[in-house]
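Form predicted on its own, single chain, as structure tokens, below.
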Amino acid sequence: MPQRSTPLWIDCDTGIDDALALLLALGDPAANLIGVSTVAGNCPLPQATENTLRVLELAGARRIPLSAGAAGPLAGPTADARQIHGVDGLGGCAEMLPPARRRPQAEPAAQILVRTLRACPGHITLVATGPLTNLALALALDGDIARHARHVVVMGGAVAAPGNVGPTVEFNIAADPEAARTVFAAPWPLTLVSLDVTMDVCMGTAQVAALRAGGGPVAAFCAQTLTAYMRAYERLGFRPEAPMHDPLAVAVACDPALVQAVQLPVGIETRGEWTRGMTVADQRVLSRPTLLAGRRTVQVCREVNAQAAIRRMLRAWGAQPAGG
């Protein structure tokens, strides 16, 4: 498991689960959050940036640098997820956050990512919890940065699981398939935390109660946003539970033992009428290893220890321990 000396940089489109992921990174002793960048996705870029600044303020982390990035994808229309995250991106819970006391850095996200990775070769783990536009733009500025990242953890995609914005398509990848294709093709170590595992890590009323019992502003905010998240999923016909998409990506960056993964070639479909944004993993290699020859692979998570992941999140957010 990486220790606190392992730096994490989170690139996010701060909606509800991104906010929870940030608070996990700030509360988990195995995480050392050194910077954050924002991208349009769950909500427009200005809202995502404002939400991020206010979440950092809530956690007393106003010294962590934050830069705003891409306001839209490399190609195609800008997506949003207001049906899940609400107009404010936080399920109507933004009013619980303190006002931001600062503005983002003037340097665009792609530039600061290049500069930061080059300054600390082999040390920084990037965790991407939104569309991959900023990472693709950084690669366009300097493709060598892929050799300077310690690791990249991407929350996105659906390999064997159903998609969440189409039969086979997941939101983060579908929001900018061209960027995702670039990021997956780059030669950095990459772990894909897809819907195949995130939909197995869900929180419900018991976890909300534990957070409410924990006291403190972070726990209270997490409880309220989880409640809003659960209601949004219930309105869409799901069980009244909140899947921990983005927090799981941070948890895996902190403790890779939470998941079982395999190395697979992965590509992103950018042209299909029904499959644009589809994450295509060549699972034939599991039974025919000769098909791996000369092909780039990424680590694809297939199983997760859901209870261990949930315990880790609740501890970081200040929930009252079971039996406490």
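Because the structure is predicted, anything quoted here is derived from the model rather than measured. Throughout, we count residues from 1 along the sequence that is shown.
Keep in mind the form predicted in complex with beta-D-ribofuranose is missing from the figure; the text below concerns it.
(request) Name the single residue among 139, 190, 81, 219 that comes within 4.5 Å of beta-D-ribofuranose in the predicted complex, judging by heavy atoms. (result) The residue from 139, 190, 81, 219 that makes the contact is 81.
(request) Would you kindly say which of 223, 195, 93, 203 lies with a heavy atom within 4.5 Å of beta-D-ribofuranose in the predicted complex? (result) Of 223, 195, 93, 203, the residue with a heavy atom within 4.5 Å of beta-D-ribofuranose in the predicted complex is 195.
(request) Answer yes if any heavy atom of residue 155 is within 4.5 Å of a heavy atom of beta-D-ribofuranose in the predicted complex; otherwise answer no. (result) Answer yes; at least one heavy atom of residue 155 falls within 4.5 Å of beta-D-ribofuranose in the predicted complex.
(message) When the contact criterion is heavy atoms within 4.5 Å, does residue 171 count as touching beta-D-ribofuranose in the predicted complex?
(response) Close contact exists here: in the predicted complex, residue 171 approaches beta-D-ribofuranose to within 4.5 Å, heavy atoms only.
(message) Residue-level contact is defined here as any heavy atom of the residue lying within 4.5 Å of beta-D-ribofuranose in the predicted complex; does residue 164 satisfy this criterion?
(response) Taking the distances in the predicted complex, the answer for residue 164 is yes, it comes within 4.5 Å of beta-D-ribofuranose.
(message) Can you tell me whether residue 246 touches beta-D-ribofuranose? I mean in the predicted complex, with a 4.5 angstroms heavy atom cut-off.
(response) Looking in the predicted complex, residue contacts with beta-D-ribofuranose include residue 246, since a heavy atom lies within 4.5 Å.
(request) Please determine, with the chain shown alone, which of 81-89, 68-76, 109-117, 204-212 has non-hydrogen atoms within 4.5 Å of beta-D-ribofuranose in the predicted complex. (result) Residues of 81-89 come within 4.5 Å of the partner.
(request) For the stretch 10-31, return the residues whose heavy atoms include at least one within 4.5 Å of beta-D-ribofuranose in the predicted complex, in the order they occur. (result) The stretch 10-31, when checked against beta-D-ribofuranose in the predicted complex, contributes 13, 17, 18 at the 4.5 Å heavy-atom cut-off.
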